[in-house]
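One chain comes next, on its own, written as structure tokens: the form predicted alone.
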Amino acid sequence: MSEMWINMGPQHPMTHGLWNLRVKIDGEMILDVDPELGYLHRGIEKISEDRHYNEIITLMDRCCYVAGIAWEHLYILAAEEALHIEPPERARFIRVLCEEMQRIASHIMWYAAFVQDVGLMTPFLYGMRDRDLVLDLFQSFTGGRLTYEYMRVGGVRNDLPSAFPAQCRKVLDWLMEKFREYDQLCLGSAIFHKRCDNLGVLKAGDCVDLGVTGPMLRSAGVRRDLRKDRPYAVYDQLEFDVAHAETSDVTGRYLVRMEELRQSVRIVRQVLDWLDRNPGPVLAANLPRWMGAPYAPVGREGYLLKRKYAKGVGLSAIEEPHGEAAAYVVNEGGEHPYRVKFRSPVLINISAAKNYLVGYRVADIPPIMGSVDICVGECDR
């Protein structure tokens, strides 16, 4: 009998993280697949129930190591709804700036890793060079390059430095020029087309049935983007187009992400223009210095009084770089959330692996799974 099961992982260049893909093969043909998670699980949702609201932000940066500030935004939106707190408008624009810069950094990181999966080394070096410029911008106002801890319940930690807008615009101009190089290096390569065209096909109907979202869904012709369909923060005040393709394959996912990079640059430029014209506070008024501090100031009787908040439930959903992420926060009036729950788009996209891998060859697995853009940290929390 020629059929057998093989393991690609849990530590394998194809996995882009700590997870295992069991593959049933007949020779080189893929007959069945079984994704296995659990090698990285850290229990972030349960840990969050024993942390003050702002302490949880530290955990959000570690949900996804290439999109940490997007997960901060996701959690903050749900926490503010649960706590009945409204941030200043300037803070909301800065959050969008952060999310779109993170989308740029995440997609460039995906590009650098993906091109290696298809056998191209030079684009990897170009991508890592350009991503560093975006991380420099993050470092200028958050102090971090990978984990930021920048957003706060009620706003953001600090305003942008005065030199930031000019520096950011300079980087954006550079990136727009380099995005054309990316396309020349990939779309002009016969290797790229042989490794990507008509591989990993997942049609629109299957995407919808399986709950697949993000660039994978949009590459199948479905123009769904929460920034347009269910605007949050200030996306309803900004102009941008929803990137999409019709091929439903690996090449289509590449095209969608490349267009999303350009649209993110377009959004960031609009936000910078708005911030130039509208100074103001970046943190809600009348908030305690440490939101969720264990005790209020000392009362007249000399006792430390526990801080109480009105009860509430918060539910948020954002279009993070990998797809639609959701957060659920329950506030029972105490210093810690009663319940915290997250929905990861990568978990759903990996779970659908059987639908876009079966029928192809073992050598096709790296480019197909690379096109999914896997971040194990957010789906194996």
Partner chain sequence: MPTEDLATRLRAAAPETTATVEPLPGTDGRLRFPPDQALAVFRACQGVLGYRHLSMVGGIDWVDHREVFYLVWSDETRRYLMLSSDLPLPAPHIESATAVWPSANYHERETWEMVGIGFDHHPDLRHLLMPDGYQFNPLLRSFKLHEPEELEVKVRHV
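Just so it is clear, the structure is predicted and the values come from calculations on it, not from any experiment. Numbering follows the first chain given and starts at 1.
Omitted from view is the form predicted in complex with the partner chain, to which the following refers.
Next item on the list: Name the single residue among K194, R230, R145, K170 that comes within 4.5 Å of the partner chain in the predicted complex, judging by heavy atoms.
Entry: Of the listed residues, the single hit is R230.
Note to self: By the heavy atom within 4.5 Å rule, which residue out of E81, E149, E89, E259 makes contact with the partner chain in the predicted complex?
What the structure shows: Of E81, E149, E89, E259, the residue with a heavy atom within 4.5 Å of the partner chain in the predicted complex is E81.
Next item on the list: Tell me the stretch among 219-227, 94-102, 277-285, 127-135 that has any heavy atom within 4.5 angstroms of the partner chain in the predicted complex.
Entry: After filtering at 4.5 Å, what remains is 219-227.
Next item on the list: Classify Y65 as contacting or not contacting the partner chain in the predicted complex by the rule of any non-hydrogen atom within 4.5 angstroms, answering yes or no.
Entry: No, Y65 stays farther than 4.5 Å from the partner chain in the predicted complex.
Next item on the list: Answer for H52 alone: is it within 4.5 Å of the partner chain in the predicted complex, judged on heavy atom distances?
Entry: No, H52 stays farther than 4.5 Å from the partner chain in the predicted complex.
Next item on the list: Answer yes if any heavy atom of I85 is within 4.5 Å of a heavy atom of the partner chain in the predicted complex; otherwise answer no.
Entry: No, I85 is distant from the partner.
Notebook entry, point to check: With a 4.5 Å heavy atom cut-off, would you call P165 a contact of the partner chain in the predicted complex?
Noted result: Although the partner chain is absent here, P165 would stay clear of it in the predicted complex, with no heavy atoms inside 4.5 Å.
Next item on the list: Look at the candidate spot formed by L37, L315 and R339 and say whether the partner chain comes within 4.5 Å of a heavy atom in all three of them in the predicted complex.
Entry: Per the other structure, all of L37, L315 and R339 touch the partner chain.
Item checked: Residues in 314-335 with any heavy atom within 4.5 Å of the partner chain in the predicted complex -> Residues within 4.5 Å: L315, A317, E324, A326, A327, Y328, V330, E332.
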